[in-house]
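In the block that follows, a single chain appears as structure tokens, in the form predicted on its own.
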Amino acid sequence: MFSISKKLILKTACSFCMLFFSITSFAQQPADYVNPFIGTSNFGAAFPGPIAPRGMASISPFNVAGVKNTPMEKDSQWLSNPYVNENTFLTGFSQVNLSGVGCPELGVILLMPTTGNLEIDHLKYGSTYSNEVAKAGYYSVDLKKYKVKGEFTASKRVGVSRFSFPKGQSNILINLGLGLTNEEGSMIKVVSSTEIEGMRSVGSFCYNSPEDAYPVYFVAKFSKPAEKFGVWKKPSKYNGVEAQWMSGYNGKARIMKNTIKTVVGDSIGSYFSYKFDKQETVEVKIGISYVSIENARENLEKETGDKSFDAVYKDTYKEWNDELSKILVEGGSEDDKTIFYTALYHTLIHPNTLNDVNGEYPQIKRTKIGKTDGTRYTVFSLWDTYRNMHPLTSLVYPKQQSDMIKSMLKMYDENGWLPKWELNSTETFTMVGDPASIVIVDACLKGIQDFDVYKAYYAMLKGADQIENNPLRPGLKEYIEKGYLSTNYPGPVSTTLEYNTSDYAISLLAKALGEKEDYKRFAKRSLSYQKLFDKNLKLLRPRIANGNWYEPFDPEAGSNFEANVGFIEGNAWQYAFMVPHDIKGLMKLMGGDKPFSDQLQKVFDDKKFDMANEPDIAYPYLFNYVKGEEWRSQELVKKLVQEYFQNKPKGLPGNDDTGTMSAWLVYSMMGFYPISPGDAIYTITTPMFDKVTIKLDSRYYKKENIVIEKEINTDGKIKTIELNGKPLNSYFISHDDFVNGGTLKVIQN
């Protein structure tokens, strides 16, 4: 029998155990598994700095400038990211950035702390660094040259920095001349000893449409008033007669001390200087807007106000954890959870918020300022994301997908066309096809219909039918007449396949709306790829204008993203099966199940599959169409996950393409995949966790959640698939059955 004192001790000990358990449990929240360094090498183009979910503002360490970063230096090759993990020389922290894109853009408004005498040349004030820490919503680093610690977090539209300075003179620089983009032009003004405002021009994504360059406005507020402040400007150097009159300042930087005048130019910036008697910290909040300086200031004040750095981080962490907790996984290794939740994190960066807190945003073409009551989204890399990222958003974050579609329809109002590759209200027209139609149809047929469906339908018809002056579908007249594009157009096979996929999606919506003639017309158009099928090669290949095959034809030409006749970002092998809406038809063309399976296996055996490329991204799942061969999909998916997705900086297979590669991983680890974009259907493979719970939004779905279970954790083949305890007898499941089914159980041998 215990004495009272012993019982008390035992009770206290148990309470301590429970407290310890709750603390350790809290430490294993989904957001804690995020490793933002994944994808910062191997051209993943991710950045490790903080951003809020779908945020406008983001902070990235900027380490791609200067010869010390060669060969991964921004001007020495085609480089689209502000940070490369292998680089060692840092020149600031950019305040607006893109994640996982293939062309340089943004990466501007660079903040940099220094100590000692003022230096404004980034090649001289840059520093090596150490002790990097990156989490969801947080990044920190030590600058070796200055013994300064930098910490960074962000709200939706405000980047927040905290610098810990040693005793002595310290400086905080804002450099508007340096950036990832080659676009020039900026303005800056010191408002007071605690505030700076300005603008930086950006644009020319993929070096297209330089006339559509646009401004990024900002306001920076400092927690401590500067002892000294000023601006600088470095003009271009003249070599003509004018040079004789400029002997003292030709091409040389001018520092204008203690001035509040506005400075305009290309290589300009401002500085705040302090003299500290002891170690001190300074916080800097930078509000961003694509509308005006006034809106940038309002964004800053309303989102962060007097909040401390820690308070902003706490809020952003919670927002990340809430979003990531929509999918809960059990089982698997710590690395499995890390790569899974980091991938889900990457899918929640873009599309991102464009509108300010007051709802204002720049309309397409920037002739007017629009206003929204919801969220106006931007950065629609649709050639990539229609395949899996948007279907994932429809399933897990349907309200966001709804707002994204509403954003697309507003772009149609403003521009006359649905978006193709929209970036900050600039239509870049990058890549090929008409992908917005696929995204909208896919969401609509999965139950997201709280938008003007007929308006969307007519917008799709315009893109699919208007022959003259159609920026979405170049060569549409030839496509309609012949069923394909000839070599008169770039990437004719790729473009034909993309038009086919969009036409199929439109046919599905036409059928759902009772538009029978449109349904028949577009369903027929979607099968025209068959005219490009070479039955001898069992490959799709280009034709010239007279209908003859293009010669000489090399099916290998175009690998490793090399330019070639016939294909965009790929070759004949990587596009051989890119007709997701008609795999059964393609199988028939190839001669049946076995020839199809053999040709598909050859893609993998001969290393023709490219995990870093979109056209063949669904190929590992195509064996599910061949009865008895489904085990190949199970083995391939697992092998590809282990080979290409790892908990390390090079842990993505290449450019993340605004979350597309990450979405592939999220699906693959959960054990199902949206095999045919537009079709409300998934195909099933082996989950890589013992249990996956997807929480469903009650505004769009009846069930509270979906549960996916793996009965035994072995490397065997799938024996049975059950839905709510009943055999499914198929490796495919409709979206409706999936979201209304409750529990999907995968049982292995």
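Just so it is clear, the model here is predicted, and its values are computed rather than measured. Throughout, we count residues from 1 along the sequence that is shown.
Unshown form predicted in complex with a further copy of the same chain; subsequent notes refer to it.
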K584, K607, K278, K261: which sits within 4.5 Å of a further copy of the same chain in the predicted complex by any heavy atom?
K261
Using a 4.5 Å cut on heavy atoms, which of L123, A563, A213, L328 is close to a further copy of the same chain in the predicted complex?
A213
Check all three, R525, I568 and V579, heavy atom within 4.5 Å of a further copy of the same chain in the predicted complex
no
Would K462 count as a contact of a further copy of the same chain in the predicted complex, using a 4.5 angstroms cut-off between non-hydrogen atoms?
no
Wondering, does Y550 line up within 4.5 Å of a further copy of the same chain in the predicted complex on heavy atoms?
no
Touches a further copy of the same chain in the predicted complex: S186 (any heavy atom, 4.5 Å)
yes
Any chance Y458 has a heavy atom within 4.5 Å of a further copy of the same chain in the predicted complex?
no
Of the listed stretches (264 to 272, 352 to 360, 541 to 549, 150 to 158), which one has a non-hydrogen atom within 4.5 Å of a further copy of the same chain in the predicted complex?
264 to 272
Pull the contact list for 76 to 97: residues with a heavy atom within 4.5 Å of a further copy of the same chain in the predicted complex, in sequence order.
S76, Q77, W78
